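In the form predicted on its own, a lone chain appears below as structure tokens.
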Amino acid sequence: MQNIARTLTPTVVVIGTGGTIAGTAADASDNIGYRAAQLGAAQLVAAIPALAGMTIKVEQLTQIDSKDMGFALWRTLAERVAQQLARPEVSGVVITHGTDTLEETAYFLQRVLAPCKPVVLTAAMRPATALLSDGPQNLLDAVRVAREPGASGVVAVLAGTVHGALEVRKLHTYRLDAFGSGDAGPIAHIEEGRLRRHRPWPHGQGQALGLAWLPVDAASWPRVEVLTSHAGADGRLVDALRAAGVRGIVVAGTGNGSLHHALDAALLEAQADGIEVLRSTRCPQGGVVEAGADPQAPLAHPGLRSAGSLTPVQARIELMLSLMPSPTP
């Protein structure tokens, strides 16, 4: 199969899902009052002359604002990506996506697929009609990464930076370099079409759960919600979630995962009733650090598990996947 693949023209599959990168506004100077998901992925590709000489296949999976991303679409997207990667001529897959939930989709795909070929999510902070739209360069860079020999795993490419799926996060609401990679730092930078890599590709990060792990009916996926600790927090929202039948709760604590005492008590009660709880932090950088090797050192919180370096939304996906029943043989 590998010998056959070497004789084939490398093909990049671009899967469109909508987002700001496909958005339009009535006024080219308007970078906020636009409508997302108005242009097809084929239009985005055709607008970039540098892609004309490459073998690119385009598939429009959906057209949504990524704030409306859901589990059923995640499953369909994972299936389509896996099918395309199985083709020997495909060197990688690019997914055009909205920025709002890009980090969640990236984390989900890495945990489910952990692909040995590159899967590259890209997006834009400005619509396609903007005077200085960032989408075309981001898409061109994403295709460059999808064609990179030896590249693997799920990454995000924005503003000339390659972020790993397990670290990428949106840090700014408006500016073009809105994404970061936390303490890990970016995997690479793209400089005039050339890749300068700083650390390994994410293929080896985590074992792929596989599509068989995911229930076909997305409505049956375990319900996990995110709460935030803050001044004056109490347990009423925890009680409401318990009544609603949630299976898990991720709490975004203050600082190193600390919690208001009233919220803490309610979460401990929920955990005692069988609801899984993970403790993360609302801080944009860093994770929840537990005590070191000293067995005499007290745990930061002896009752609720730490989410470690995971952001609250990453921890939510991880907890949801852990609560899914094992696939039947």
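Residue numbers here begin at 1 and follow the sequence given. None of the values given here were measured: they were computed from a predicted structure.
As for the form predicted in complex with a small molecule, it is not shown, yet the points below apply to it.
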Problem - Thr99, heavy atom within 4.5 angstroms of the small molecule in the predicted bound form - result: yes
Exercise for the section: Mark Thr20 yes when one of its heavy atoms lies within 4.5 Å of a heavy atom of the small molecule in the predicted bound form, and no otherwise. Expected result: yes
Handout entry: 4.5 Å heavy atom contact, Asp264 to the small molecule in the predicted bound form
Key = no
Exercise for the section: Answer for Lys170 alone: is it within 4.5 Å of the small molecule in the predicted bound form, judged on heavy atom distances? Expected result: yes
Handout entry: Heavy atom within 4.5 Å of the small molecule in the predicted bound form - the one residue of Ala124, Ala142, Val112, Val224 that qualifies
Key = Ala124
Completion exercise
Per contact check vs the small molecule in the predicted bound form (non-hydrogen atom within 4.5 angstroms), the hit among 283-291, 270-278, 64-72, 47-55 is 64-72
